[in-house]
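What follows is a single chain, given as structure tokens, in the form predicted alone.
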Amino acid sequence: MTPAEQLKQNSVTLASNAQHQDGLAAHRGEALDKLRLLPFPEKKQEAWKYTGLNALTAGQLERVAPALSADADIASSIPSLGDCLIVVGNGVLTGQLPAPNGLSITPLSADSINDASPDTFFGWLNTASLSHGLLLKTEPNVKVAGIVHLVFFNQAQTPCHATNRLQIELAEGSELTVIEHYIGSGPILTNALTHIQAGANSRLTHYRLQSESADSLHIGNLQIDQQRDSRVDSSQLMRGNVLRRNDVHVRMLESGADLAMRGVFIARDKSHIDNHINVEHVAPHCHSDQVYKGIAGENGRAVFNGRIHIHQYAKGSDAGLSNNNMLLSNEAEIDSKPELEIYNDDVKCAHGTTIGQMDAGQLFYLRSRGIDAASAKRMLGTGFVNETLHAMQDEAVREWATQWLGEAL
């Protein structure tokens, strides 16, 4: 049996053991049937060409993460970034579900879970092993005050698997700001699936912060569906760990949808990051702008695959994709692949990517002014991503991100 076949068998067994009778039983069962038919991701598949999953042979797909102990120190790991804090520990809700006016926060149920098919093998594994999930739902024409800070805290001493599920539904004319924050440590695999539905004329400010420790693993799926005249502003920040893979799929389903998506990823030491972004312009007269910046040092490996898909009837589409990258050492590696797939002539599209080293002249200038090498590199690295950070709307998140990413440099 090959490693991929063994990991596939472990995944199916993990999902089979998660089957039990409750409101989500039917969804789990359907996902398990699908999971059995899918091949396990491996490098011979184009989408996984640069990312191997041998790290999972340590046992992350063989057991579910245990409940956190009562003395687990969660509070000290959570920065104060929002007005409404909700914590999910190893896949299980801890504490109450406070909700500001105009927003309901409830556990996912058979009636509320979205039926949209997951895009990937691990998306189906997420549904097949799902026991707990959260639903955020706004009221029509209401601007929800403050920031909702959702923390997914996953921690373990031995290899295991944690399922995190988040569903956000914005009603027509509503506005919401959400931080989706992943924290934790240990050889635990976070398998996260977030599905966002932006209703007509709604506004969403979304932060996806991945700040787990270097010894953890994370495979995430983010799916966004936009309706007429909706606006989604999504910032995704991440530092490398043993394995980090993010699949982002956006569908602009009705005219006037607007998407601003930006990201910063930093891979140091022997860490690995792989971002796959797919933005589909299904309807006419939609606008999307993607700006991602990556930094890799030591033996770090970073991958970026950005795709813009203009459908046949999506005339008047305006789409842009930019991925700029910086290498801090000769051993680091960044693989960037921008893609355009266009089936309509009446569109405006642009894409580009760059990969270079830190400017030796700028580094020399800072050193000649008495700044030590480490501080000089941190200053230049922070300056490289500042454009992305300054575009973030909320000051508390922006200040935290600047310090956190600065520490990675």
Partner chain sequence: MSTEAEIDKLVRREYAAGFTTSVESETLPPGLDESVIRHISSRKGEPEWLLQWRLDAYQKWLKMTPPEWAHIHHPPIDFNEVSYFSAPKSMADRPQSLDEVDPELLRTYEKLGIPLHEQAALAGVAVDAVFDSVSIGTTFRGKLKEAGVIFCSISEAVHEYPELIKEYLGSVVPQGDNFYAALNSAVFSDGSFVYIPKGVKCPMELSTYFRINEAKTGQFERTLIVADEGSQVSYLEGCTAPMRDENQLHAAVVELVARKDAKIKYSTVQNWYPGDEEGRGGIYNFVTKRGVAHENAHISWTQVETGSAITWKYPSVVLRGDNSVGEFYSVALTRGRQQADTGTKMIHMGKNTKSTIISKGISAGRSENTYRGLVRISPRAEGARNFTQCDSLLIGDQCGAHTFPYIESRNPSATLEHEATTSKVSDDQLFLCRQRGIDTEKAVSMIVNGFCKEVFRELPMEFAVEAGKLLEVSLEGSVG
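Positions refer to the first chain, counted from 1. A quick note: this is a predicted structure, and the numbers were derived from the prediction, not measured.
One more form of this protein, predicted in complex with the partner chain, exists but is not displayed; see below.
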property	result
Which of 28-36, 57-65, 370-378, 347-355 sits within 4.5 Å of the partner chain in the predicted bound form, heavy atom basis	347-355
Among the candidates D215, D269, D73, E339, the residue which, in the predicted bound form, approaches the partner chain to within 4.5 Å (heavy atoms)	E339
Single option in S109, S329, S117, T158 placed near the partner chain in the predicted bound form, where near means a heavy atom within 4.5 Å	S329
Non-hydrogen atom contact I334 with the partner chain in the predicted bound form at 4.5 angstroms	yes
Partner contact for F364 in the predicted bound form: the partner chain, 4.5 angstroms, heavy atom	no
Touches the partner chain in the predicted bound form: Y50 (any heavy atom, 4.5 Å)	yes
4.5 Å heavy atom contact, N141 and the partner chain in the predicted bound form	no
